[in-house]
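Taking the form predicted alone, here's one chain by itself in structure tokens.
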């Protein structure tokens, strides 16, 4: 399965140079991952490099549409508290 960058992406360019398979490219309105090239860094790194550098929660998802950086994972704000602030 390949990873996917979704609309939460802010085009910060952090992920593109780290991708060992060069699967990430700029697109409108946000970056995209070429599913044919994406290896999820398997065999190269323990963690997907795009997700390890991404500063935006929920911007990169796996093949099951589960975010690699789920809500609260980068901010340490529990999702329930974020919803209450909303």
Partner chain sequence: MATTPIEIGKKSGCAASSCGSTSDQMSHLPEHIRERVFNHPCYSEQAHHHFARMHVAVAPACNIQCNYCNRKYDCANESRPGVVSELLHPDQAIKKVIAVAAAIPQMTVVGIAGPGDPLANPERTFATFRGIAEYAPDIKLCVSTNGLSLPQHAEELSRHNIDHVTITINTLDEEIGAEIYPWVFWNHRRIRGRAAARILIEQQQRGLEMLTERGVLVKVNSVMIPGVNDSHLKEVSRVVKSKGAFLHNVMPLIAEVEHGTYYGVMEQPSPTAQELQALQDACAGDMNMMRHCRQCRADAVGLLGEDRGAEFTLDKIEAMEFDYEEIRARRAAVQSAIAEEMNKPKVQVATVSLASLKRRAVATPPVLMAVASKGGNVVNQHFGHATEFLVYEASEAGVRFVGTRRTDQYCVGSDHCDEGEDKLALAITALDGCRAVLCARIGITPWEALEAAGIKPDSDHAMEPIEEAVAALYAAMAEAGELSDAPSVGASVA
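Numbering follows the first chain given and starts at 1. Quick caveat, the model's predicted, so the values are computed rather than measured.
Another form exists, predicted together with the partner chain; not displayed. Remarks below refer to it.
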Proximity of residue 22 to the partner chain in the model of the complex, heavy atoms at 4.5 Å: no
Contact label in the model of the complex: residue 81 to the partner chain, heavy atom within 4.5 Å: yes
Contact label in the model of the complex: residue 38 to the partner chain, heavy atom within 4.5 Å: no
Residue contact check: residue 56 to the partner chain in the model of the complex, 4.5 Å heavy atom: yes
Residues from 39 to 65 in contact with the partner chain (non-hydrogen atom within 4.5 Å) in the model of the complex: 45, 46, 47, 49, 51, 52, 53, 54, 55, 56
